[in-house]
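Single chain ahead, written as structure tokens, the form predicted alone.
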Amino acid sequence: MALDIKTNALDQRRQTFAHIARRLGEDRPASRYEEATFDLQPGGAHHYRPTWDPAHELYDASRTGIVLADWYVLKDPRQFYYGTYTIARARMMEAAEKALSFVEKRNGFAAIAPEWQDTIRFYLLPLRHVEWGANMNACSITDLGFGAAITQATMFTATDRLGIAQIIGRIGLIAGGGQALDEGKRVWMDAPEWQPMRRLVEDSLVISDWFEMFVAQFLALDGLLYPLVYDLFDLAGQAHGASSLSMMTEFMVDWRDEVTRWIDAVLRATARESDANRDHLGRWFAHWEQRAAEALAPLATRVLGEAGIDALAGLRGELAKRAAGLGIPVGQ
């Protein structure tokens, strides 16, 4: 008996979900990032206003002075949704774990000059608390922000900051065990050089406008803190045999370079929208960049000596140039 097998080709009526097709058109296949992001936030009628903030809807664009016609213009150039994010971070953490284990196994921290070991414990270990503050701010933006394009990225960032705090804690254990971490907390609470930063972190936690919090944390503070600590302090440490620390903090350097792409994309799209948005961004940046510079000045002087203030001034110039390139008015 002969079998005659036939196949029929069925054409899809559309390439993606209806709500995505309304944005992109029915003939354009959507990426997984687009399907996991666009219009993910619930909209329309909500049953009630939140009892903890009855002046606003549950999802309310008026919680910030920034106004956008479409909040989904704040797309993430990294194309991170849960799957791609976890894969990327797993790879980075695997490399970080190998570096930490190598230094610990080979007792690499002991090869650093003793006086610089003390310096590292002074400037690095209290950063656990700064990273905790950044985690809290990112969580707050996720809670109050508008549009899944921004809030899912800030939630990923909140997780990143907790992970960075854990890496710093692991370095502290390698550098002196639990006593080093206890000393790091004491320095954070009591050392005069750290009190301006501690006050800045605490003030940032109560910023009412969530987009101002975004500018304060991710542009102003991180834009000065990360290059100062992980570039300039690290470079100074090379003269004291601190190459093992460079290995252990490589995660932070790679993360900073990656996350900067997302921060810049968000701010560029926001500034492009209107003069009013640019005015808000300019005022917020001017205020919080000044606060960040004042908070970091004692640390820069403590670690780099007389060259610290000039080094910090150079970083401020680079950050101002970056902000201007994003369309943010500088010098307001």
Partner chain sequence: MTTTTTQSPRAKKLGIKERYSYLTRGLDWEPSYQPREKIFPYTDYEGIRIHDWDKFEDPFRLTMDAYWKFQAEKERRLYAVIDSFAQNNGQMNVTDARYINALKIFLTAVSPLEYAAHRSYAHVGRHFDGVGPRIACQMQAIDELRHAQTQIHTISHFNKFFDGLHDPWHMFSRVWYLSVPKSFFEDAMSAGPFEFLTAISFSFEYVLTSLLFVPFMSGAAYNGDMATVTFGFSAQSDESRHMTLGLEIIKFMLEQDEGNVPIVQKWIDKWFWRGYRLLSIVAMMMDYMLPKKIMSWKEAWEIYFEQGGGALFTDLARYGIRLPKYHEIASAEKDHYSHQAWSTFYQYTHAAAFHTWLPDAGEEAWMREKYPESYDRLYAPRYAHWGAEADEGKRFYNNGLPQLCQVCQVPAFFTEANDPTRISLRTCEHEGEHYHFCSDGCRDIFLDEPEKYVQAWLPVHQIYQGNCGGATVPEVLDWYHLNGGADNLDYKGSPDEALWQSWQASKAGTGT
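Being a predicted model, the structure only gives us computed values, none of them experimental. Numbering follows the first chain given and starts at 1.
Although not depicted, the form predicted together with its partner chain is the subject of the following passage.
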Flag Val187 as yes or no: does it have a non-hydrogen atom within 4.5 angstroms of any non-hydrogen atom of its partner chain in the predicted bound form?
no
Is Glu115 near its partner chain? Define near as a heavy atom within 4.5 Å, in the predicted bound form.
no
Touches its partner chain in the predicted bound form: Gly305 (any heavy atom, 4.5 Å)
no
Give a yes or no for Leu173: in the predicted bound form, does one of its heavy atoms lie within 4.5 Å of a heavy atom belonging to its partner chain?
yes
Quick check on this chain: which one of Cys139, Ala99, Leu232, Val253 has a heavy atom within 4.5 Å of its partner chain in the predicted bound form?
Cys139
Note: exactly one of Thr260, Thr119, Thr159, Ser246 sits with a heavy atom within 4.5 Å of its partner chain in the predicted bound form, namely Thr159
Taking only heavy atoms into account, state which residues of 30-63 are within 4.5 Å of its partner chain in the predicted bound form, ordered by sequence.
Arg32, Glu35, Ala36, Phe38, Asp39, Leu40, Gln41, Pro42, Gly43, Gly44, Ala45, His46, His47, Tyr48, Arg49, Pro50, Thr51, Trp52, Leu58, Tyr59
